[in-house]
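So this first bit is one chain, no partners, the form predicted alone, shown in structure tokens.
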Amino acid sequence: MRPLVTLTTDFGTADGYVGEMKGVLLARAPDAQLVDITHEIPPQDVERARLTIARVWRRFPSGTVHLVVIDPGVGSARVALAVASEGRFLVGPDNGVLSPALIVPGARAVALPTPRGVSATFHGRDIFAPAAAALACGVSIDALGTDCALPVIRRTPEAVRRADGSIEGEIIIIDRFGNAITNVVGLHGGTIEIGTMCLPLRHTYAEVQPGEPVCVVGSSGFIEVAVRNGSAARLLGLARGAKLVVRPD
């Protein structure tokens, strides 16, 4: 089977940065199959990238290498990492973006060296892509660097159950449809209070009329606030960090 390398960045596709990294990968691992997860992470949005990686990294087969470059600290003292977790590998900056794999028991992280002469502004091309290519070619993670005992770990805030049985949560991400995804694990029924609104929890978007707000359990398993055929973020003024209360039936 050809080695798989996925790419997740905030580079977009207008400037050729992704193409440069792919060139490095294929020059060093010509048999690799490259899979684009996304290059549309908002610039420097480490938290959005972390949540994206949380959804996808274990969907790929054992041996996959995930290259993740959302790196606002590029060129600084922040560490460059390679991680081995559950039979997969991740390469990227030590800023919390690789947390979904790091929090798994048995995960290992090594700090990658910064060779002399590399660009201070493009470690994706000069450090991360060569490391990802090496892993795709079967090089041991131990051969790439030295143990990193305390990598940066970010965690999703946990929803809090109140004494009255309700659950207090918050919006953790707005997706491209304008759906507001929360940190409250899906329920079978109930109502969601957010701002001045009180919305029932439905099974599908289609259970309300076009343009109406609705709450559903999304594909991530978390409750989300949506507007059928519209943007909840725009129409309801929702943003990441907004609080809500879920009252189960």
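All values derive from a computational prediction rather than experimental measurement. Position 1 is the first residue in the sequence shown; the rest follow in order.
Below, we turn to the form predicted in complex with another copy of the chain, even though it does not appear here.
Interface residue remark: V74 is counted as part of the site for another copy of the chain in the predicted complex, having a heavy atom within 4.5 Å. In the predicted complex, another copy of the chain lies farther than 4.5 Å from every heavy atom of Q209.
Heavy atoms of R108 never reach within 4.5 Å of another copy of the chain in the predicted complex, leaving it off the interface. Not displayed here, another copy of the chain is approached by D175 to within 4.5 Å at the level of heavy atoms in the predicted complex. With respect to another copy of the chain in the predicted complex, the three residues G87, S140 and K243 uniformly fall beyond 4.5 angstroms at the level of their nearest heavy atom. Partner contact region in the predicted complex: 112-120, out of 127-135, 112-120, 99-107, 140-148, criterion any non-hydrogen atom within 4.5 Å of another copy of the chain. Taking another copy of the chain as it sits in the predicted complex, the stretch 11-33 comes within 4.5 angstroms of it through a non-hydrogen atom at F11, G12, T13, A14, D15, G16, Y17, G19, E20, K22, G23, V24, L26, A27, P30, D31, A32, Q33.
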